[in-house]
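Starting off, we have a lone chain in the form predicted on its own, written out as C-alpha cells.
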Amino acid sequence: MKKTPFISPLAWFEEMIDHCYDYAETAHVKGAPIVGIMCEYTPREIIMAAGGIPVCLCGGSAQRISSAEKHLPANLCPLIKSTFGYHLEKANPFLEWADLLVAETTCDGKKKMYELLAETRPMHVLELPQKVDDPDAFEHWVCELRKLRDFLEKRYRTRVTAARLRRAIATMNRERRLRRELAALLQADAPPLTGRQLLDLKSIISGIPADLEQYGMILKWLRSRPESPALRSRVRVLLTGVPVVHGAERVVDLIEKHGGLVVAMENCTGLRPLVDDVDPRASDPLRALAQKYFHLPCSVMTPNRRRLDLIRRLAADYRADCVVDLIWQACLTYDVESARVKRLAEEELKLPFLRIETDYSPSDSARLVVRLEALFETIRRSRR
C-alpha cells in the first residue's frame, strides 16, 4: 500500500496568492467590492463592515520597477515604484478588480504617487496627522475615519453600524492573536520554524475564514514538533525598519542562508501591527479603531518614542543577539531614524547593529552577504 505523502500545514500559505485570488474572485462575482489598501494605517475593519474585501496592494516585484521609472524618479523607494509599475502594466488582478483604493498621507513619495493613480483609479485619501502625542491630532484622525465610513456607506449604499464594526473587530483581533502566537514560537532557544517561514504565514487579504482555520492548525502542529537543534546555534536577529512585502524577502533570505535566524521583525509586515488589539468592549468602536491604528509606531510619526519602546520589548522577549535595520532606498524617515535605532541597540541594549540600505535589485547581494557573515562571526566569537 502506498503511503500518503506528508503535506506540511505550512504549505497552505505557500499558495497564499492563489487562495486570495480565489477568495477575491468569488466575492467579486457575488458583488462584494474589492478595496485596495496601501498601508497598515487603513483600518481593514471599516472596509469589512461596509461589505468590502480589503486587499493589500504594496508591490514587491523588482520586475515592475522599470516601467514605473518612466514616470517616477529612479531614486524613489522601490515599494512605491513597484506598486505603480503594477498599475501601469495592469499586472495585478487584485488592483484591476479594485472598485476603490484607500490611501494614507504617510510618506511624500506615496502621496505624489497616489495623485498619479487617482487619474484613472477611484481613490479615497485618509489624511494621517503625524503628531502622535497631540490630542487634537488624534481627534482629526477620528474625523478622518468617520469620513471614510461615510464615504463607504454612500458609495456602497450600506450602513456601517456599530454591530458590523464589532464583528469585523472580533475577526481582526482573532487574526492578530493567532499571528502573535505564531510569532511567539520564535522565542524558544530552538524554535520550530524560521523567521522566513513565519513571514510567509500571512495573507494580502485579512479575515479569510480558511486562513484563520489554518493558523490554528499550524499552531497546533508546530507546538507538537520537536526542537530544531540546527536553529539553536544560529545568530538571533531582530530585524527592524521598512516593511518586507510579498516578493521582496531577499534580505531575510540572505540573513537566514548565512547563519542568522530572524527571531522577530519590528516592521509593518512583522509584529508592529499585531501587538495591540482593538478594544472589543469600547462604547464607540470607531474611536477604538482610531486609538489602535493612530498609535502604530511608524517612522512618519513624531516624536516616535513608541517605536523605540517596541524594539526594547522585542529585543528582550526574543533574546536578540543583534539588530539589523533594513532601509529601502530613499525611505528618508526610516533612514533618519536609523541613527536612533543604532544608538538604542549599541548603547542601551548592548547589541551589535548593522544598517542595510538597499532596494529590490539583487545586485548588491554578494556585498550584503559579506557584511552579514562578518557580523555573525563577530557574535559567535563573543559567545566562545
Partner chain sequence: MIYVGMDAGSRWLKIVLWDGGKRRQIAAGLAEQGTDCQAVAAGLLRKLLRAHRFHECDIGRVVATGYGRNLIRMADTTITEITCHARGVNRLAPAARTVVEIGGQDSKLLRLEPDGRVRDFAMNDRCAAGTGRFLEVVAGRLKISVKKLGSLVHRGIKPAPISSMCIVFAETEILGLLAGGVPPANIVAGVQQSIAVRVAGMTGSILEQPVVFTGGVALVSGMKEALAKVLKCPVSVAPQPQFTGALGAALLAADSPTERNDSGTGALRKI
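Numbering follows the first chain given and starts at 1. Just so it is clear, the structure is predicted and the values come from calculations on it, not from any experiment.
One more form of this protein exists, namely the form predicted together with the partner chain; it is left out here, but the text below deals with it.
- Residue contact check for residue 342: one or more of its heavy atoms lie within 4.5 Å of the partner chain in the predicted complex.
- Shown alone here, residue 354 lies within 4.5 Å of the partner chain in the predicted complex, counting heavy atoms only.
- Though the partner is left out of this view, residue 250 does reach within 4.5 Å of the partner chain in the predicted complex, counting heavy atoms only.
- Within 4.5 Å of some heavy atom of the partner chain in the predicted complex lies at least one heavy atom of residue 364.
- You can rule out all but one of 346-354, 313-321, 51-59, 36-44: in the predicted complex, only 346-354 has residues with a heavy atom within 4.5 Å of the partner chain.
- Counting a residue when any of its non-hydrogen atoms is within 4.5 Å of the partner chain in the predicted complex, the hits in 363-384 run 363, 364, 367, 369, 370, 371, 373, 374, 375, 377, 378, 381, 382, 384.
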